[in-house]
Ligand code: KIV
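What follows is a single chain, given as structure tokens, in the form predicted alone.
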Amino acid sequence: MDKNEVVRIFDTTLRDGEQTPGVGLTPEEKLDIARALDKLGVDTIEAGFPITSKGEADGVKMIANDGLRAEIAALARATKNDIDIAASCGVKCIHVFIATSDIHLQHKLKMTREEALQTAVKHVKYAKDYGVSVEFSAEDACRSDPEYLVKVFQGVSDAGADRLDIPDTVGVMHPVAMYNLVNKVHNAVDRPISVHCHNDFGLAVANSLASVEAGAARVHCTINGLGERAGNASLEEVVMSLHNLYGRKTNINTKLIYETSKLVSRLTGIMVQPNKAIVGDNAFGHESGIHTHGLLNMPLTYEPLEPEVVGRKRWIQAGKHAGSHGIKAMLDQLGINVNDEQLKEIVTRVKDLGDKGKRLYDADLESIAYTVMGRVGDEKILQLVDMSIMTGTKVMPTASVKITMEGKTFVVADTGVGPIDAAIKAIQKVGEGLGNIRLADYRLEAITGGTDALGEVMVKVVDQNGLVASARAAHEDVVVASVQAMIEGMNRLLLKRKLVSPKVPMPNP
């Protein structure tokens, strides 16, 4: 394939991704994600499987009628009813599928190979009569007899199928086998090839990339690798590998990858693992002293790509693996200037705490630095004046928080699923006017035992530019500790930002 030819991205977050156990999206939430995917630049958005429910069909219709640039597709089995309902949603592409493996034919469909072939051909023709593009998938293609699979693909191609999809439905392929199968189909049938790889053995991305090498023109992906069982090929990993390792082009605006990942994570409730490639919290985080030393001199020493390319920022963690160069960089970011002797003592204290298993936050490092320097850091942009919480079994938890900032007072209130949620949401209303500062991570631990246990809250906050700060607070009332930690985290982020721009934006009263 011509390396200049664009690899198309078929995003199935809203269909296969929503089939992740525990995930259920409203039509409005699906539309929000579809708009983000369209902005991201995906070529096809598989909006859903309309036959499954009225709400699913409504969501597909909303997306199809929203005027998006991307091709909108709907999934349909090889039955007239499925295809009729998919077409009624107003989509431009119907994704028709039927299984071709003997396992599925014998135990699920109760069909012979010839019956399945005839059914596939008949319903591809039926879908084409609606005047739409048809992508045909041979479910469980990778466990099908290759000769029979090619026969089916030839049959549906003659019936008018525009594209052919090879799904590794249960994720059993490895890259060499996937290359050979895609290459076989590519040489036998004159239609663009798509691949749909599952991640049961952790090879979905590798198999997708091998397929592109073999001639596949389109890759089915999901944001954050969501999907049935172990998920699907991760869009962010496939796209960045194509761009950086294969020199191939896509239509994806990579700078929007991270914000799209966060939106999908928030709406689905499926958190991204910290060490997830590209979009995980630790993907551009560094602690090792050797790494941070090299990184600060030349980022490429320990980063394969610049974090800004995917909408991220690199960050350095203080801990027992940290070195003086990394700690110095963190202190500079906090606006703390130390001499060589002070830096040496700070690094020693950081390592001692790390050896004891303590996770260090910005607040800890700042406290250690000020202690070593013999002074107390007391600059606060935001100050908590008062807070009031109302909760109960028959009352929606409500929080009211009074905050001062540079002589101005703000009173904000919100509701939540509990008093902590309500309080954090209230504070984030102030954060919205400060560059959209929001909570990225929250942890609560009991320091002492008993019902009067001292609770320690650790938070990480992030703004719209990816700047990150962390803080902690301890109090016998975990709601108070949560509010104090959140405000402290916002203060630290604002102080970091002042180093870059002396003008701190003021929120609206």
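One-based numbering along the sequence shown. As the structure is a computational prediction, the values presented were derived from the model and not from experiment.
The same protein has a further form, the form predicted in complex with ligand KIV, not shown here; the description that follows concerns it.
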(message) At 4.5 Å between heavy atoms, only one of the stretches 406 to 414, 89 to 97, 337 to 345, 425 to 433 reaches ligand KIV in the predicted complex; which one is it?
(response) 89 to 97
(request) Answer with one of V185, L75, I72, V121: the residue that has a non-hydrogen atom within 4.5 Å of ligand KIV in the predicted complex. (result) L75
(message) Quick check on this chain: which one of T169, S101, S261, N199 has a heavy atom within 4.5 Å of ligand KIV in the predicted complex?
(response) T169
(message) ligand KIV is absent from this chain, but in the predicted complex, do D16, S137 and D165 each have a non-hydrogen atom within 4.5 Å of it?
(response) yes
